[in-house]
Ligand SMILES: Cc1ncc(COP(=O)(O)O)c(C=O)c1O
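As a starting point, one isolated chain is supplied in structure tokens, in the form predicted alone.
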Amino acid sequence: MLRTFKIEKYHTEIVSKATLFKALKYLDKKETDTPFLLIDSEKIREKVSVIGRNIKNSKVFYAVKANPDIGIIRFVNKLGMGFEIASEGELSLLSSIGVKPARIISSNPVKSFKFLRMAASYGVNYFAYDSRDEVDKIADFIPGCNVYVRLSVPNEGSEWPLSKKFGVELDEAAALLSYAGEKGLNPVGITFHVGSQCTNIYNWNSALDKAKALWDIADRKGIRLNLLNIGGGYPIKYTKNVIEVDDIDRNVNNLIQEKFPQDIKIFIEPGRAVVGDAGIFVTSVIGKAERADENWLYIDVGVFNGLMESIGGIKYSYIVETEREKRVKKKWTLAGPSCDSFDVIEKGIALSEPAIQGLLLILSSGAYTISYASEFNGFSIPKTVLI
């Protein structure tokens, strides 16, 4: 069945024409129950080839939390990328396909005991921390392993800030590097995170300035560091243009070459940037209503089974399947399928009117959708289809 979608120029500026064409071609050939997430494997391949290529001595580790679908993990693994994990579940996923421990790091500053036991058994050897208690835990389970302290840095300009829950200031970070050595661990470096979906390139500047200050303090204390983990934060296009990966990498590389030793090792932990704009959520319209001067549009995926980031401020772009005579736009409140009034995705979206059972495509939805999804209210977690 050939479907008719209202595609506008800006849609092809949010996701690539190639990704959009593959998705539409798939939908014309397949009759599949919605909702489901389409992932363009070639877009992932492209992003993997780009991230870090302009940063000297860098290694890239995919943040599994962004999308832990086993098909995506297998594909990323074949491309030779490493993995950043936070839990025993993520480690189990990697162990199921035989990922070598040397290609795994863990940058969650507070780890569960079950995870530490499993990581020790598997041979994972790089861990982040930001407290004395965490040093004690790691020393008990994995004595002698490599650790890097989490530094608190500004997150202004990031749509998903991460600076309050984790990270410490300079003096405490320096003390924690010393403490890790005293407890028999190997303090090798510094990590930070500028915030997820960071649209402010200067966040990396301030973060690297702060990391350099800590590096110098450590050097004066006789602690010889060799690793800088710059975390993730690379943004993708949701509704507007953002800074490009190459621009971020060149800026970061210039600053590192200017401030740090030439033989420094760089770790990068992209998640959203690897899979985000490779994904298109395929959903169906299940209801429409007019209430208190609002037009309500209900679809079969909502904040509980895939679109939780909309609650935190992430806004998406949409493509509607609609009849040609109904392409006049009006404002809608978009809601999910559950009976919870919290399940509202976005308000005031200008869309052509879709038919009941018509499709609505959600662009750049490959990251932090399925990984956040639950079966609240009995709605299934949408499947992922790699194309």
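No experiment lies behind these values; they were computed from the predicted model shown. Residue positions are given as counts along the sequence shown, with the first one as 1.
Heads up, the form predicted together with the ligand isn't pictured, but that's what we're talking about next.
Original post:
Which one, 228 to 236, 298 to 306, 75 to 83, 212 to 220, holds residues whose non-hydrogen atoms are within 4.5 Å of the ligand in the model of the complex?
Top reply: The contacting stretch is 228 to 236.
**OP:** Answer with yes or no whether Ile44 is in contact with the ligand in the model of the complex, where contact means some heavy atom within 4.5 Å.
**Re:** No.
Original post:
Taking the shortest heavy atom distance, is Lys59 within 4.5 Å of the ligand in the model of the complex?
Top reply: Contact with the ligand, no.
Original post:
Is there a non-hydrogen atom of Ile39 within 4.5 angstroms of a non-hydrogen atom of the ligand in the model of the complex?
Top reply: Flag for Ile39 set to no.
Original post:
Can Pro270 be called a contact residue for the ligand in the model of the complex at 4.5 Å between heavy atoms?
Top reply: Result yes; Pro270 sits at the interface with the ligand in the model of the complex.
**OP:** Check each residue of 191 to 209 against the ligand in the model of the complex and list those with a heavy atom within 4.5 Å, in sequence order.
**Re:** His193, Ser196, Gln197, in sequence order.
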